[in-house]
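This document starts with one chain, in the form predicted alone, laid out as structure tokens.
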């Protein structure tokens, strides 16, 4: 089954891989950009021609362009969402465009007669606010926004998915809604607009970290996340579903050891000593970004992707391959000098 699909945020990391997989499968793809000049750069990277891939100018914070982008679409993959590699000046800088953006996309999708709407959410909407320790989460879990470990990005993803589900229940009509909740997304980099998760590998390779804090995250390959989106767009009988996209939970030192073992020459600057918790806490006093994640020290947030396997037949590739492919692409594109 194929049709005409709008993938929002066409310059983004996940969106780019989703677009290429959809084009390969025979879909007519539409995508949105905030800056129309980006089309000239992106088109040769994404493939397709002027008919199979069309670009539209639209922003999460304004109505302009959304009706045109949605016209004739049968499906939507709403991947666009704000993120920041540094702490925002105010949490609303992330929360408002994330929440209002998905509601705006939903309204225009319903008006255009879209039948299936897939939102890219995050495990951030699932796995926070549950206290320190070792946890294993499923799609039944939701982040508790009152938790001490909840920061702006976590709030933005949680509030956006909650708002989308509430809107669909009240006003969605026949529009079917599904969410995909990825963990930290790694894999090859295809342009300069990549996931904040990539920063972990970049900083390790570049020798920017003096050691590895006791931090960790579930890892999933961007190609597998794109594949899960494609499956969720077409699988019957999954309206209202939520699918975690995650492989194994890895500590930062595990990522470092993979780099050292699989690409020793390129990973000469990668640290393999553990950074003591007290030193991270001292650094957090002076660095707002570190302050956001200092509460993560020692935590294990393991997200169970068994539901996606059982319902959609989705599986992930080995996490070591995702880490190495990410590192090699950063080097090949000149983003990291080794």
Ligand code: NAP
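Computed from a predicted model, the values in this text were never measured in an experiment. Positions refer to the first chain, counted from 1.
Below: the form predicted in complex with this ligand, not depicted.
S.K.: Would this ligand be touched by all three of 205, 249 and 329 in the predicted complex, meaning a heavy atom each within 4.5 Å?
M.R.: Not a single listed residue reaches this ligand in the predicted complex, so no.
S.K.: Specify the contacting stretch among 54-62, 22-30, 266-274, 301-309, defined as having any heavy atom within 4.5 Å of this ligand in the predicted complex.
M.R.: Of the stretches listed, the one contacting the partner is 54-62.
S.K.: Does residue 38 reach this ligand in the predicted complex, with heavy atoms at most 4.5 Å apart?
M.R.: Judged by the heavy-atom cut-off of 4.5 Å, residue 38 is in contact with this ligand in the predicted complex.
S.K.: Should residue 185 be counted as a contact of this ligand in the predicted complex, where contact means heavy atoms within 4.5 Å?
M.R.: Yes - in the predicted complex, heavy atoms of residue 185 and this ligand come within 4.5 Å of each other.
S.K.: Should residue 179 be classed as touching this ligand in the predicted complex when contacts are defined as heavy atoms within 4.5 Å?
M.R.: Flag for residue 179 set to no.
S.K.: Any of the heavy atoms of residue 43 lying within 4.5 Å of this ligand in the predicted complex?
M.R.: Contact check for residue 43: no, nothing within 4.5 Å of this ligand in the predicted complex.
S.K.: What is the one choice in 137, 243, 108, 153 with a heavy atom within 4.5 Å of this ligand in the predicted complex?
M.R.: Flagged contact: 153.
S.K.: Would you mind picking the one in 82, 211, 129, 72 that has a heavy atom within 4.5 Å of this ligand in the predicted complex?
M.R.: If I apply the 4.5 Å criterion carefully, the residue I get is 82.
S.K.: Which of the residues spanning 196-211 lie within 4.5 Å of this ligand in the predicted complex, based on heavy atoms?
M.R.: Sequence-ordered list: 196, 197.
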